[in-house]
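Below, in structure tokens: the form predicted alone, a single chain.
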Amino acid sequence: MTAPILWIVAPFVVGVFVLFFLRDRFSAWIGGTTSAVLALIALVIPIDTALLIGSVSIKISPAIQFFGRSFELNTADGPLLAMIYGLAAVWFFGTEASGTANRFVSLGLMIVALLTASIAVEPFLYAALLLEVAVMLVIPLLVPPYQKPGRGVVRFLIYQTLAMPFILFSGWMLAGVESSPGDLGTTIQAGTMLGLGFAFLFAVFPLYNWIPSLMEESSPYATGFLLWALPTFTVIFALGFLDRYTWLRTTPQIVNAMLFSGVFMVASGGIFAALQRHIGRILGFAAVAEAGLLLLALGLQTNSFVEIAFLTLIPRGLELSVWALALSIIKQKAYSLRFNEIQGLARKYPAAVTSLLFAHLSVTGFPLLAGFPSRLALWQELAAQSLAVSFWVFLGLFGLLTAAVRTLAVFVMAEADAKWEWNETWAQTAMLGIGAGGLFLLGLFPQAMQPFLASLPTLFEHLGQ
């Protein structure tokens, strides 16, 4: 057995099987169990190391050749695969509670498999093509059959597609930079092209206008999955570029561009979130702000920036899954998710409202919640580098906190004689309870993430040195 077959081909085949042969009622369990088992295998069985169980020897080979391209997953990739498929399992188990059809599980498995292939392929520039194929599969996930795609979906597809030629062309130019590093003109052109490509991928300000539109047009759960999956693998892809090309991580202009792009995203995302009257759009702008925090981590001039980036990534999947699931449940009652339609819903959907607020506060970095440790580590590094940047980041997070307070005020704005009800199903209550409990556990015991944080930086040979 080879690692690419186990973590790329197998989930893709399971996704195809679920799409064509399974009913909706079984798809959540099949998809969630498959992802959980793959995460457990990645955590327990090291790649390219013989493991003796009784009289049976098990070894997972690291590489496979496919049409002249090599797909390779090494021992250092184990914790990363465990993180990816563990969070994917949370999303897939939540599909039954969210009311999404088997298209989510099947397409979601195929998307995660393709995104995993993007970090395994060599030459690594082919990752851009795999990311584009994953983007194509996202479209049927967002748009129901026989329905015309909205403006947000069209913009998403256009922006993600525009990123590909910039990244591929910059990769061709980077090969020339390696052969003649003294050519300043080629270096500037390659850096500019690469920056434009990642600006489209990361949805850097002002290229994120498709995100709030998508939250209004599509299923909150499917959109939340998109906002978790693509930025996560884009960060890993970007770290691969920084690790491979020394001049990228040592050029002050590129570092400052990442830093200030992150500041713009955090500040604008938080401020716009505070001004919204639609709780779906608030989630969209919160995701923008959190992507900005990831860019800030990449732009830090410190040896620990890789650890801070992954410290932000791990709770991010849980926050977005809980928030998106709560929105999906609330949307069954208030379809438009506007403030005037969700007034007083705290008395009708207490579990969904409570979990939504916990996830929202975690994104703001509220103490004792999962997002607090990463925000604290980021604050410490930013305060030592630039007080001006720290102020704008504080302003953005304060805007997210303001949006949380406004949302809470609307949810509890009910008639004095309104009765308390419990309209969530047992599956919805269980999933929301597990998610909210996970947010508290990661906030109270952040050392639980230490095994991942200690191993993940080994993926990159030169970063942090």
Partner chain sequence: MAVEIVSWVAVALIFVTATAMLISRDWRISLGALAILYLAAFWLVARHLPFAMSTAKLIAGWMVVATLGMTRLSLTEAEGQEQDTFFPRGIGFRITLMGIVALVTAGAAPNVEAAIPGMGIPVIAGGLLLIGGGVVHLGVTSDVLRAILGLLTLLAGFEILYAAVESAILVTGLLAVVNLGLGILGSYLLVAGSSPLESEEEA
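Since the model is a prediction, treat every value here as computed from it, not as a measurement. Positions refer to the first chain, counted from 1.
What follows is about the form predicted in complex with the partner chain, which we do not show.
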(request) Specify the contacting stretch among 412-420, 394-402, 29-37, 66-74, defined as having any heavy atom within 4.5 Å of the partner chain in the predicted complex. (result) 66-74
(request) Decide whether Val121 counts as a contact residue for the partner chain in the predicted complex under a heavy atom distance cut-off of 4.5 Å. (result) yes
(message) Test of understanding: in the predicted complex, would Leu130 fall inside 4.5 Å of the partner chain by heavy atoms?
(response) yes
(message) With the partner left out here, check for me: in the predicted complex, does some heavy atom of His278 sit within 4.5 Å of the partner chain?
(response) no
(request) Give a yes/no on whether Pro140 approaches the partner chain to within 4.5 Å in the predicted complex, heavy atoms considered. (result) yes
(request) Please pick, from Pro149, Pro79, Gly86, Gly195, the one residue with any non-hydrogen atom lying within 4.5 angstroms of the partner chain in the predicted complex. (result) Pro149
(request) Go through Val389, Leu162, Ile254, Leu357 and name the one with a heavy atom inside 4.5 Å of the partner chain in the predicted complex. (result) Leu162
